[in-house]
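Listed next as structure tokens is one chain, alone, in the form predicted alone.
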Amino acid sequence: MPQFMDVHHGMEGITADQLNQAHQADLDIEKDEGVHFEKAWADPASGTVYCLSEAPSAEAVQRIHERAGHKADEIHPVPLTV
């Protein structure tokens, strides 16, 4: 299944607990779109959050993020991993 890295901006000051809650909100509904969110990272100082997922499409990733309340600003395919 294709992998995607998505980016969220404007989350300055995000805490580990808030990141975990947002990630869990995605996990709770990911199966509805055939998506699996693997990991999330955050830089509280810049307000940037990154999510790695496997999904049938970038649109499926966005639909889950929108329903969970945190639309992605960017979604990039990750066709090559080493």
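Values in this document were obtained by computation on a predicted structure and should not be read as measured data. In this text, residue numbers run from 1 along the sequence as written.
One more form of this protein exists, namely the form predicted in complex with a further copy of the same chain; it is left out here, but the text below deals with it.
Visitor: Taking Asp28, Glu33 and Lys71 as a possible spot, do all three reach a further copy of the same chain in the predicted bound form with a heavy atom inside 4.5 Å?
Guide: No, the whole trio is out of contact, none within 4.5 Å by any heavy atom.
Visitor: With the partner left out here, check for me: in the predicted bound form, does some heavy atom of Met1 sit within 4.5 Å of a further copy of the same chain?
Guide: Taking the distances in the predicted bound form, the answer for Met1 is no, it never comes within 4.5 Å of a further copy of the same chain.
Visitor: Taking heavy atoms only, is Arg63 within 4.5 angstroms of a further copy of the same chain in the predicted bound form?
Guide: Residue-level check for Arg63: no, no contact with a further copy of the same chain.
Visitor: Since only the chain is shown here, I'm wondering whether Pro44 would be in contact with a further copy of the same chain in the predicted bound form (any heavy atom pair within 4.5 Å).
Guide: Taking the distances in the predicted bound form, the answer for Pro44 is yes, it comes within 4.5 Å of a further copy of the same chain.
Visitor: Does at least one non-hydrogen atom of His23 fall within 4.5 angstroms of a further copy of the same chain in the predicted bound form?
Guide: Within the cut-off, so yes.
Visitor: Going through 47-71 from first to last, which residues have a non-hydrogen atom within 4.5 Å of a further copy of the same chain in the predicted bound form?
Guide: Heavy-atom contacts within 4.5 Å come from Thr48, Tyr50, Leu52.
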